[in-house]
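So this first bit is one chain, no partners, the form predicted alone, shown in structure tokens.
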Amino acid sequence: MRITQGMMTNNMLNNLTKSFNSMNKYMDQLNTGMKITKPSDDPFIAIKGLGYRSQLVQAEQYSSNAAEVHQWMDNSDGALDHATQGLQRLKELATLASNGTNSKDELENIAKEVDQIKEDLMSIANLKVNDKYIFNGTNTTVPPFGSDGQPSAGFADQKPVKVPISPGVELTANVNGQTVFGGDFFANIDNFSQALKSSDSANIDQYISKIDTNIESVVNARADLGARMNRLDLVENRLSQQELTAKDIMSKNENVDYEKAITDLLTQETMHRAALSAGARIMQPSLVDFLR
């Protein structure tokens, strides 16, 4: 086949264009820090990137859910600890009032402290976190107890607050308020106070055992909560590891290797200069050159 000057010129221009494209590709990689800037650059990397990014988003969402569960549990644990202290003080007062040596005024003073502890326990039962009542099951917009001290509708049959923390796995975030503050919890305290105010010291002994029962309920609820908190810690550690792994894989898949990109760019630049030099020698001869 006869090779013409035009064919050589076009071929040279095509090669120079490819060389420019290659240098532009390496420059984009160095400027953006990414192996590709659009899916058409490398569909395989793009598809894998979508998959890894989806895994990362999922892990981050579950981590966010776990953090919310942690908040519920931390606040519930703190509230139960406070409730335990209040009940223990009630037991101390019941023991003090039951010794039969207290005057009427002393019993009335004890009754005043009992009333204050009851108000404090009521505020714990109606505790709100992030504008949600945490001891009323899924009915978080309604206080478990009204201002009259009576339980709200549905308090006795509240549902657990379940939050997904990994695919197909849910964890109960709340403590069932009915198991802690339900039954005769506040009625017993009221009756205890009334017994003190009426100097009915003969029947005060019974409230010691009733308060013990309430303390046991709180301790049991706290033990169950503690077990779930330990599990949540394990889940959070696993989710954190999943996030790190997903980010590492994404980085290896999408982020540019700067040493390789710089080397490729320098190599391509050398080749481009050589192509320009060779092209100049091909373009240079003309009819005038032969007529000299």
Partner chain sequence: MSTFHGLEMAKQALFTQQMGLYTTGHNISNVNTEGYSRQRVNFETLSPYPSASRNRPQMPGQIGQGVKAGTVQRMRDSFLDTQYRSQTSRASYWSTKTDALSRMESVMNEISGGDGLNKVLDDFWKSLQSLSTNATNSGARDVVANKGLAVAETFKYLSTSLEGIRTDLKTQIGDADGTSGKLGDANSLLRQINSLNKQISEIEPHGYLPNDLYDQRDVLIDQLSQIVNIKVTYEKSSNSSLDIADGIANIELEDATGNSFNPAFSLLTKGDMTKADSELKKFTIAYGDGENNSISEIKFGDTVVPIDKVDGSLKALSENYGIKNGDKNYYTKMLSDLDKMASEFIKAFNEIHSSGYGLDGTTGRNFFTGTKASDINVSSEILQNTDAIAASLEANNKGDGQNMLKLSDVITEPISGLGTNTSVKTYYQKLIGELAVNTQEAGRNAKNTALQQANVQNDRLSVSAVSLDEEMTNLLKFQHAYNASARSMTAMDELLDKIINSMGLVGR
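Numbering follows the first chain given and starts at 1. This is a predicted model, so every value here is computed, not measured.
Keep in mind the form predicted together with the partner chain is missing from the figure; the text below concerns it.
A residue is said to contact a partner when one of its heavy atoms sits within 4.5 Å of a partner heavy atom; residue 206 fails this definition for the partner chain in the predicted complex, lying far away. Of the heavy atoms in residue 18, some are within 4.5 Å of the partner chain in the predicted complex. Within this chain, residue 163 lines the site of the partner chain in the predicted complex, having a heavy atom no more than 4.5 Å away. Put simply, residue 252 is far from the partner chain in the predicted complex: not one heavy atom of it is within 4.5 Å. The candidate spot formed by 4, 40 and 159 is fully in contact with the partner chain in the predicted complex: every one of the three has a heavy atom within 4.5 Å. Among 126, 140, 201, 178, the residue placing a heavy atom within 4.5 Å of the partner chain in the predicted complex is 140. Proximity to the partner chain in the predicted complex, taken as a non-hydrogen atom within 4.5 angstroms, holds for one residue of 244, 266, 34, 27, which is 34. Residues within 4.5 angstroms of the partner chain in the predicted complex, judged by any non-hydrogen atom, belong to 59-67 and to none of the other stretches in 257-265, 219-227, 234-242, 59-67.
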